[in-house]
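In structure tokens, one chain follows: the form predicted on its own.
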């Protein structure tokens, strides 16, 4: 009876692995389409604005990311990736800034202004009225980044599923050798 349960678990794990592989392939196709669409929109913007109007000379001298890729651990112990806006704070960062007790009454201090650099939209580097194709390029690359993050999480899940599949196959092999 244990062999039948093991085979059923092996079958369900194999089906899940195949679904994940199919999803990974569809995300790869979508990522390639988004990146291709982004580059095409960027070239359209260069054509509309002029070749010298959209290029490295218009970039800010000091760039800051608008989004960051963060990792977290899921319930099953696997890493999960996600895209977070650069200005957003995680729950661990919210809370008291000092570890010591504060005096509520007494000396009044002038609070230090927080240095919060809200990164402006990088499209403003190229002027105020940018062509729609430049906005489309930005959106395509942002969607591509989200797809890449999803693909990384899915790839970790697939690798975990493959190792589980190998382990179950070994158990089944040992069980069959023991029965023979």
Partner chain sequence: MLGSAELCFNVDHGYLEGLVRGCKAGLLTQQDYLNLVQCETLEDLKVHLQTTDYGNFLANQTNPLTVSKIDTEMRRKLCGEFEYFRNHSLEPLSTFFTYMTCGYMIDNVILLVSGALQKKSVRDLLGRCHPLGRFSEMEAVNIADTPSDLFHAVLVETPLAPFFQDCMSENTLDELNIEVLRNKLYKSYLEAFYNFCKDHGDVTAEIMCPILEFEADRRAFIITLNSFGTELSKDAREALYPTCGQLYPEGLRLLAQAEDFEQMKRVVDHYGVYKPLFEAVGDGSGGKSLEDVFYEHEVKMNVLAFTRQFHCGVFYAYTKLREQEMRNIVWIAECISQRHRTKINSYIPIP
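In this text the structure is predicted, and so the values were computed from the model without any measurement. Positions refer to the first chain, counted from 1.
Only in words, not in the display: the form predicted together with the partner chain, which the text now covers.
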(message) I need the one stretch from 65-73, 23-31, 149-157, 122-130 whose residues put non-hydrogen atoms within 4.5 angstroms of the partner chain in the model of the complex.
(response) 122-130
(message) Residue-level question: is residue 40 within 4.5 Å of the partner chain in the model of the complex, judged on heavy atoms?
(response) yes
(message) Is residue 139 part of the interface with the partner chain in the model of the complex - any heavy atom within 4.5 Å?
(response) no
(message) Can you work out whether residue 48 and the partner chain are in contact in the model of the complex, taking contact to mean some heavy atom pair no more than 4.5 Å apart?
(response) yes
(message) For the stretch 25-63, I need every residue with any heavy atom inside 4.5 Å of the partner chain in the model of the complex, listed N to C.
(response) 36, 39, 40, 43, 44, 46, 47, 48, 51, 52, 56, 57, 58, 59, 60, 61
